[in-house]
Ligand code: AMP
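As a starting point, one isolated chain is supplied in structure tokens, in the form predicted on its own.
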Amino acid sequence: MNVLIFGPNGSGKGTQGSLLKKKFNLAHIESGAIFREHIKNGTELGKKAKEYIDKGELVPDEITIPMVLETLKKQGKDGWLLDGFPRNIEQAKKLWEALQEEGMKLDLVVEIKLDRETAKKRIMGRRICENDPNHPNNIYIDAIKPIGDRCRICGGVLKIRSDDQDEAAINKRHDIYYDTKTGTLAAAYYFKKLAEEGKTKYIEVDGSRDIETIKQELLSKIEAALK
């Protein structure tokens, strides 16, 4: 099964992605990791990407899309979950075209819906466990409140990411995500239209609730969509 997942920072997308990875034995492929892997391994695409990154410029889609495809083919032979890409509607269109050219099926697109203000509050309330960053701890969510300054799951020391407290940076990321004309939501809605045309499946889940409830809704909708 090949899956794209969308959701704003703070929606629990990473947590739900990890759960789907384990449930369906998928390769969880994050956009940032794709760049790091290619640059670390010194691939031709990685070298080209590094030239732009070193100059503080965005890597062109002509380099990014082939990097994504190569990683999907290499790591996702038994199925993949692509997280963090595409970020805008042009990338969505190019990714879809590239998948079609490669004969790679996109079985499902998941959108975790969450309003902007709640998403921002969740980001600023996140606490990161030193033992496992996927242990959910958030001072603003009763169900996963840490125990003092310790992880609610393993008791590990919790840290605060500096960028989680940068409200201007959060707003900038959310400006891109919530843009329904050219941004990330526009990309998601592009795939939603493809689903309406019968070319893939598209499901939406309410990200405002607790992790277990979201998980159960997600699994139920996936099962129904893939019947």
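Heads up, when I say rigid core I mean the largest set of C-alphas that superpose within 1.5 Å between the two forms. Quick note: we count residues from 1 along the sequence shown, nothing fancier. The model shown is predicted, which means the values in this text are computed figures rather than measured ones.
The protein also exists as the form predicted together with adenosine monophosphate; that form is not presented, and the subsequent description refers to it.
Taken together, the three residues P146, V157 and Q165 lack any non-hydrogen atom within 4.5 angstroms of adenosine monophosphate in the model of the complex. For E62, no non-hydrogen atom is located within 4.5 Å of adenosine monophosphate in the model of the complex, even though that partner is not displayed. The shortest heavy atom separation between T200 and adenosine monophosphate in the model of the complex exceeds 4.5 Å. Although the partner is absent here, W96 lies well away from adenosine monophosphate in the model of the complex, with no heavy atom inside 4.5 Å.
Heavy atoms of Q91 reach within 4.5 Å of adenosine monophosphate in the model of the complex, making it an interface residue.
Taking adenosine monophosphate as it sits in the model of the complex, the stretch 172 to 201 comes within 4.5 angstroms of it through a non-hydrogen atom at just one residue, R173. With the core held fixed, the Cα of I176 is displaced between the shown form and the other one by less than 2 Å. In the core-superposed comparison between the shown form and the other one, D61 has its Cα shifted by at least 2 Å. With a cut-off of 2 Å and the rigid core superposed, A49 has a Cα displacement that reaches or exceeds the cut-off between the shown form and the other one. Between F85 and G56, the C-alpha separation shrinks by 3 Å or more in the model of the complex, relative to the conformation displayed. Relative to what is shown, G103 and E37 are farther apart in the model of the complex; their C-alpha atoms differ in spacing by at least 3 Å.
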